[in-house]
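The chain below stands alone and is given as structure tokens, in the form predicted on its own.
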């Protein structure tokens, strides 16, 4: 039975902690959010994760009942009872500038509590070089111990998609590297408890750190390409979704579908983890920077589709927004394109009422029911699919929205145009 201390109990840390607990490990989760700690110790979480027919709420309650998981906000206390420390603290980005201080602050705490023989495994997405150049000397300074001599240090990227965390921790191939071979082997032994898929042992931590950032950026670039195609197709008067479907009949082409933007914590931030190192090395990343700009412009494009369908001045309009999550069937609204679309609409003078029963965040424009969102709306914009939203209740839409041919802006290619016309709506797609 390994004793694990998990720093960070968010969308990565909590399901990873429970993945170890389900396999017999003793796991102590640490987070500075006191409300989160209180909720978890009551068996409450808003995450939308499932594993083998069980919800994450059920898994959390079972593991707590069996004494294999607990949550506290006292890092030093958690480390006293653990010899395997995993760090999943994110690096926030604001105004295209990263802030590594949360990760370093946690590493100070880890360093102060390090004991001989402990393993520290960093699983945060970081600027390439961070583990060796910043984390390692900080741990050594705080602990008075030497990495590779007194304690083990390794880095492994996480590759999960929200909503599939338990499955992908188990079945997604992983990559790791330590500062030396014993550290790599120690980390491999720990990760193999959960991960059944191939775990690639890279030649250096920098290789794994860089591969993680590039994996995320490659998705951002792929989405940017099809989002730019969407704008071209709109100008041509043809359907981008049909264009993608036809193009994908080519056996060596696999285009993604366009959308209202790119959200979440991973993809939008990835470029700004790579840029600092690129600038330090004197390397231009023009293509990657342009792709990010394309995706950042999509919420404005979607808002303009809404505005051009209005038959009243924006200041007199009411717009229903369905879906606030950063992607379909998620409760994560971090950096969600929906929030950016709403901001554009509000700046244009529109009154916005948004509904998403899965997203727990509170906003002045968020309402508690579909009926509240639809009441008196001149138009509706669908930004993410979500359980709990009656998207096919078009009779209700027609009853509650304004009678003068209301419109639907469908960014998800969800609605059948013929049905929408039959029900008395105008339809606008990307």
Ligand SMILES: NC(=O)c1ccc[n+]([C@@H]2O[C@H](COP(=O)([O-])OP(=O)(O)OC[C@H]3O[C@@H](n4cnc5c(N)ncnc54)[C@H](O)[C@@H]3O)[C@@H](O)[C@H]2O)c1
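Positions refer to the first chain, counted from 1. Model, not experiment: these values are computed from the prediction.
One more form of this protein exists, namely the form predicted together with this ligand; it is left out here, but the text below deals with it.
Trainee: Report the stretch among 361 to 369, 25 to 33, 58 to 66, 393 to 401 that approaches this ligand in the predicted complex to within 4.5 Å, counting heavy atoms only.
Mentor: Looking at the partner contacts, the answer comes out as 25 to 33.
Trainee: Just to confirm, with a 4.5 Å cut-off on non-hydrogen atoms, which of 106, 93, 145, 217 contacts this ligand in the predicted complex?
Mentor: Of the listed residues, the single hit is 106.
Trainee: Using a 4.5 Å cut on heavy atoms, which of 130, 82, 125, 227 is close to this ligand in the predicted complex?
Mentor: Checking each option against this ligand in the predicted complex, the one that comes within 4.5 Å is 125.
Trainee: Is the gap between residue 305 and this ligand in the predicted complex 4.5 Å or less for some heavy atom pair?
Mentor: Judged by the heavy-atom cut-off of 4.5 Å, residue 305 is well away from this ligand in the predicted complex.
Trainee: I'd like to know whether residue 334 contacts this ligand in the predicted complex, with contact meaning heavy atoms within 4.5 angstroms.
Mentor: Contact with this ligand, yes.
Trainee: State yes or no: in the predicted complex, is some non-hydrogen atom of residue 265 no more than 4.5 angstroms from a non-hydrogen atom of this ligand?
Mentor: The answer is yes: residue 265 has a heavy atom within 4.5 Å of this ligand.
Trainee: Is residue 102 part of the interface with this ligand in the predicted complex - any heavy atom within 4.5 Å?
Mentor: Yes.
Trainee: Using a 4.5 Å cut-off on heavy atoms, which residues of 193 to 214 contact this ligand in the predicted complex?
Mentor: Contacting residue: only 212.
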